[in-house]
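Following this are structure 1 and structure 2, which are two forms of one protein chain, each written alone as structure tokens.
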Structure 1
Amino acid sequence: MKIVVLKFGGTSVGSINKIKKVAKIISNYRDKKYKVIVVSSAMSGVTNELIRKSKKISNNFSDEEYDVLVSSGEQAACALIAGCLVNNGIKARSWLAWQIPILTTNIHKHSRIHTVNTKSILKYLKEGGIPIITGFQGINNKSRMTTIGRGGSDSSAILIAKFFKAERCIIYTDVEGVFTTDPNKLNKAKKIKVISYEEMLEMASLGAKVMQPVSIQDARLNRINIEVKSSFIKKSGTLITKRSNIIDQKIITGISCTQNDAKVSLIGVKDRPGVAASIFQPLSRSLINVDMVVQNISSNGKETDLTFTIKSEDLNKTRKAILENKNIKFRNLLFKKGVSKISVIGVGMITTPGVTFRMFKALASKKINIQVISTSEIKISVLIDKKDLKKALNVLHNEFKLEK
């Protein structure tokens, strides 16, 4: 069976007109003799609205009910797509995760899919039907609804492609593919034709919302090629694949950035073993995600300064956790909102020296101050003032000739 999995994101099904367009894309694949499996996310804005409602009830809204609530948006979108196809005379129906079932781990809000049962869907495909499956949701071994993290329909689609041994997995979205940087932030961003799993994973984890990071890990582990393309414009998109399939490798492939970061500095912390652990343990217990960390070298061997970044929304929780922590002593505690992390990513930097220098020199030429630095084999990230972000994107895009 020649199976194609088509995933539609929130913006692709954001209105009735858009759903009608999506129905046309689906019929085109059917006309090309594919057995089509559709995965849809909720209409754009719906998931956010549901989360807002849960917060109006309580800041500690039950995790189990959160999953039932926020996964409901996908149900509505799938029924609308299926209804539209039926109306066009095509055999189609919606499938909710529990009806298949799609089985996940027991964790709520950030669960992981481990099994997709193929039996009923395969039967339906053989009968000529088009299944429209809810992304983002699953059930656990207690038969409770789970969700798999924001943007999780990408992961649903990739794992469905794996379990059905699909020939193709296409992620339809509101941009033409993966770009050198967010095309909604920089006009001259260029569409990337082919990108490796490793680079896409870094780009997504460092802020490129176009793909959910976990979904790229799923694709890499299962060697599933992903095509990302627009549901509005008929043009070729981006192929996400293994590194050895890429011939024309640039030094830098793309630039990602985050928007709402905050910087926390503890000045005059005792410089002795175990101090960093006692600072970070309560933060991790409060589920605060600590990102970049730097510790200055102690000049007198007694005291040091420790700086780290968090999401701005975690600032109050972080302040509370530090001030209530009886195990640490410091002279001063500083918080700074309005910082952004900008990262250049590319496997080419493994073999090409001088990328760090070029990045720092380019930022310096625009008088952009670097506050924190972190690196890995294929990325360099720096923390800068958010007000400098646009300037930084522009100068780095030029420096690494990404528009060429």
Structure 2
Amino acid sequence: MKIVVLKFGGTSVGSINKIKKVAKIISNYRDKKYKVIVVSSAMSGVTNELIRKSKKISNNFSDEEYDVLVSSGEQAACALIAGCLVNNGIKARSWLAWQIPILTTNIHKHSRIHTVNTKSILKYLKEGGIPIITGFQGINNKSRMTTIGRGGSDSSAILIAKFFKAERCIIYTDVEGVFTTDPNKLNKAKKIKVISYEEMLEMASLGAKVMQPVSIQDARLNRINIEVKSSFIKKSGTLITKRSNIIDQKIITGISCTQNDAKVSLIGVKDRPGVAASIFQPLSRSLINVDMVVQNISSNGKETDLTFTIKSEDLNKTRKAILENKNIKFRNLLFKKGVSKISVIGVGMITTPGVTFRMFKALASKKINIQVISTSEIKISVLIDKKDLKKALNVLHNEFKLEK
């Protein structure tokens, strides 16, 4: 059985006219003799509106009822898609997660899929039907609805593709695919034809909005190839796959950036074993995500300066957590807003020396000061002033010839 999984994001099903276009895309795959499984998000804006309503009820709205509430958006979208297909003379029906069932862990709001029962859906496919499955949700062993985090419909599609051994998993969204950098920030950004799981995971983690990191990780762990393409333009998209499938591997594949960062520096911290843990434990308890971390030890080995980055909206919480922390002593505490992280990403740098030098030289040529540096096997990230971000994107895009 030649199965394709088609996942449609919120913008793809954001209106009745868009749902009618989605129905045509689904019909085209059916005409190509695929057995089609559809996974849908809620219509754009619906989930946010449901969350707003929950907050009007309570600032401590029940997690169990939150999952029941927000999962209703996908139910509505799937019913509309199925209804449209039926109206076009095609056998289709909506399937809610509990009807299949899609089994998840017990955690609410951030659950994970561990099993998809295939029996009922396979029977329906053999009968010529097109199942329209609600993404983002499942059911736990207590028969309670669960959701798997924002952007979770991508994970739903990837795990469904795994359990049904689908030939293809296609994520339809409002962009043509994955670009070398954000095309809204740089006009000459170019669509990437093929990208590795590792590169896509880094780009998603570092600011690219095409897919959530957890979905990429699901695809990587289960070796599911993903195509990302537009619902609105008939063009090829981007294939996300394993490294060995990529023939023409560039040194640098893409550039990601963030715009909402702040830098925190603790100067003259009394150095002792466990001091870093003492600093970051209260931040973790306050659910503050710490990103780049740099530590410098003084020549006498008695003090250290520690710098890290956070999201700007967490600045007040961070200041409060540090100042109330009686387990650390320091001479000065500095905060700086208006900074951005820019990262070059590519598996090619593993075997290519000189990438760091080229990046730093390119930034220096435009008099862009580097404040913090962080590296991994396939990425180099630097912190710069936000006002220099566009200039940095342009010079790095040129340096690594990403427009070609």
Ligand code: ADP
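Superpose the two forms; the largest set of C-alphas matching within 1.5 Å is the rigid core. These figures come from a predicted structure and were not determined experimentally. FYI, numbering is relative to structure 1, first residue = 1.
Next item on the list: Please match the form predicted alone to structure 1 or structure 2.
Entry: Pick structure 2; the other is not the form predicted alone.
Checklist line | residue 347 C-alpha shift between structures 1 and 2 of 2 Å or more, rigid core reference | finding: No, because once the rigid core is superposed, the C-alpha of residue 347 moves less than 2 Å between structures 1 and 2.
Item checked: residue 230 C-alpha moves between structures 1 and 2 by 2 Å or more, core aligned -> It does not, since the residue 230 C-alpha is displaced less than 2 Å between structures 1 and 2 after the core fit.
Checklist line | Core superposition between structures 1 and 2, C-alpha change of residue 386 at least 2 Å | finding: Moves: yes, 2 Å or greater.
Check: How much does the C-alpha of residue 287 move between structures 1 and 2, in Å, given a rigid core overlay?
Finding: For residue 287, the C-alpha ends up 2.8 Å from its position in the other form.
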